[in-house]
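Shown next as structure tokens: one chain only, the form predicted alone.
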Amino acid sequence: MNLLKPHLYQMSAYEPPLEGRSAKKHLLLDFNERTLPVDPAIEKALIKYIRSGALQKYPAYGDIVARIAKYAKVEEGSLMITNGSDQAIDLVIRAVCNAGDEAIIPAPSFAIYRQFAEVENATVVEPLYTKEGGYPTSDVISLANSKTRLIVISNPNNPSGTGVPREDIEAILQAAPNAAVLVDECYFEYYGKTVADLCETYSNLFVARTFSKTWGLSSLRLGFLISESGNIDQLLKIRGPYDVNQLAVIAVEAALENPEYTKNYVKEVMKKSKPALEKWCKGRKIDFWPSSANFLWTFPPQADELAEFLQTKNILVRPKKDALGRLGLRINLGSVEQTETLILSLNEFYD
């Protein structure tokens, strides 16, 4: 006898290929992570707390919500911390979607959106991104109907790096006032654009962010959700009181004390490393999607073989197919030195 919801037995788990990855052995360009170590002040703060003899205590969050709200330039009551931005996404979808509701999730995109929607037994509608047109705004608006409870906007999108203009997001918010519009801004620091301020105007807007990608705290899992304060009050009823661990809070407090450490990394990635890889692709006439994030979705000849060759050089990239089944490689950018190492290996493969 199956005790769980019947549709769960028809689903597959989301299992990213994480096994065997090593920050010491590999140049990790496959998961859009920060490629350099975090601010040493973060390590010191974590060690200090671990040695304080307080690990047996439940987390006490202090003023971390206020600190993050100040950084995000929103009101404290409009923000909640979560166990990574994945939990923020899950909370919104759990709160708004019932069986039979429709969720508009343009594809290809981050697989977890569809996973969470299908756990709630929602019907997923997938208009397609295009290289030329970007986010399918007009398709999304035309597909929205009385059954639509969720619209996802990954901004910028993974794996394509596509940014979505502010006016397009507002058009969707206005066209679907009875649907939750979830804008995932996990690459915000690279993109530099946000719609978080629009939460004061649109009660159906939810903005998710994270300290995983840019700040380098992926393993500690701290994200946050921004929305109208009434929405946050309700979502706090779903999130557990201790879902965010204390070490994550300690790390974020230290990170926010020195944001320049992160800003300098972002500048190197976006102003030097990404242009260098774009230039290499253009020089080799290799197709890639325009990207507003810290990665490029490239479509090189012999993509399979190239990924395998790079692995022999201890460089990991992420194979990703487009809507037509064409295999591409999503390549994360790091420091200039790391990008030069990557390009030397790319040239070795093709020369």
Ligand SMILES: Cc1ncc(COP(=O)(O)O)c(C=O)c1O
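Quantities reported herein were computed from a predicted structural model and do not represent experimental measurements. Numbering starts at 1 and runs along the sequence shown.
Keep in mind that the form predicted together with this ligand is not shown, yet the notes after this line are about it.
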Problem set entry | Proximity to this ligand in the model of the complex, single hit among W280, Y113, Y261, Y191 (heavy atom within 4.5 Å) | Y113
Exercise. Which of S160, S154, T214, S227 has a heavy atom within 4.5 Å of this ligand in the model of the complex?
Worked result: S154
Exercise. Should the three residues D86, D184 and R221 be counted as contacting this ligand in the model of the complex, with contact defined as a heavy atom within 4.5 Å for each?
Worked result: yes
For this session: Using a 4.5 Å heavy atom cut-off, indicate which stretch of 272-280, 105-113, 73-81, 126-134 touches this ligand in the model of the complex.
Result: 105-113
For this session: Counting only non-hydrogen atoms and a 4.5 Å cut-off, give the residues of 306-324 close to this ligand in the model of the complex.
Result: none
